[in-house]
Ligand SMILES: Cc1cc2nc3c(=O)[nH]c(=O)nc-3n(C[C@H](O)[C@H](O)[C@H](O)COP(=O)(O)OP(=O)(O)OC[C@H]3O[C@@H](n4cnc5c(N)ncnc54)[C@H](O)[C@@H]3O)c2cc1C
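Next up: just one chain, as structure tokens, the form predicted on its own.
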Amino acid sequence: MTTTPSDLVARNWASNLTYGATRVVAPRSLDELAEVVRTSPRVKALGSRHCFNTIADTDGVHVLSNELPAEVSIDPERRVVRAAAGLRYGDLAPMLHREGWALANLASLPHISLAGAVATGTHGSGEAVVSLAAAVAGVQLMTADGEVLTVRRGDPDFEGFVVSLGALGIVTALELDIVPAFEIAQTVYERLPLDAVLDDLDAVTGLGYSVSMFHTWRDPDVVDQLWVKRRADAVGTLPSDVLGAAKAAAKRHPLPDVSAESCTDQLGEPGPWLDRLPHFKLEFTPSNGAELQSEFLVPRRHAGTGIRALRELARDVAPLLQVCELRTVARDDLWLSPSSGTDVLGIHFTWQPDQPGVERLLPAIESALEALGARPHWGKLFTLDGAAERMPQLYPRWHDFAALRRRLDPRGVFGNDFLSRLGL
């Protein structure tokens, strides 16, 4: 086992957070990991550090999984891949593609770790496409007593183990559903009238396998860009314009006046799923870098109301905003998934790196969306004040998850201030 100087991983990816760990270790085996877990009062796994809040923070030991065996094995009969939890999606995807397989969904960034993305309910996009977490068929984790536990779809409480907030143990491997490899063509349209979008939101979000709308809210009545990711084997062709918005003549970045070099290929040119489903390429620094993020998942039946409520706040939102992304995710049955029990519209904010300003604005956004049943993304900025009272109202299985946590971690080894403020 190696001990990593804590200053090398002292900050998260956005540098808005300094971690409080007293020690950082990188075990090379499950036995070494078990020793850390058994002998430490507090332990948390640390993955790609892409969370913008303190969900992964600890005042104890941070465990890096990058030196654990990087196993990847495909079971074609079950249509699952077993992979080390510390791998990034961008590392796993080429391995699958070479064998003729794919994941049904990917997030905007391929830079994030499997375990971290799953634990926080990170999603991707698509009217009929479930989140990354809903593709999990099995979870292997180390519990507080240093024992390895494996649960699979169909086992008791499996739906509570997947989106776990890092509260149940150190996830060491995941089994993910896979599908035959496919190709995607990505097309960008510019300047859609928002009222026309709201008149038939289903028609817009149903244009492709995965659809994203990008809005700066500088002009509240116009959606800046529409990104349509369409399977190459889909029936029919895309229209030359959408609600009067024409196809972009050149490759675009979601942010205005930013080079599109880091973005995946567009202009309707088909390519492998792993090179089109993310917005950004693995070999570049993720997204814009100097940013903060928040996201709220609104039940799909209230999507139009949620967008209209946000338009009312545009004057306050626009000065702090880099870009807002709107996209849909299909429902699942995972206890703490933001899309649990309902299809959702994700309203994602990429903010300027002004945390005090963002934190002052968030209560107004949350108040506007709260009555619609909006759930915050677990790994992004949201208001924790009053969260212990709000969460049981948003998640019907909240108390079941709390009981599962008490059973698996009676010593509170995997606890931290973030979980405490959630009432866990």
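Since this is a predicted model, take the numbers as computed values, not measurements. Each residue number is its position in the shown sequence, starting from 1.
The same protein also has a form predicted together with the named molecule, omitted here; what follows describes it.
Exactly one of the stretches 265-273, 185-193, 108-116, 308-316 approaches the named molecule in the predicted bound form with heavy atoms within 4.5 Å, and it is 108-116.
Among residues of the shown chain, R390 is not one whose heavy atoms approach the named molecule to within 4.5 Å in the predicted bound form.
Using a 4.5 angstroms limit between non-hydrogen atoms, I55 touches the named molecule in the predicted bound form. Among residues of the shown chain, V163 is not one whose heavy atoms approach the named molecule to within 4.5 Å in the predicted bound form. The shortest heavy atom separation between A137 and the named molecule in the predicted bound form exceeds 4.5 Å. Using a 4.5 Å cut-off on any heavy atom, the one residue of 71-93 that reaches the named molecule in the predicted bound form is A85.
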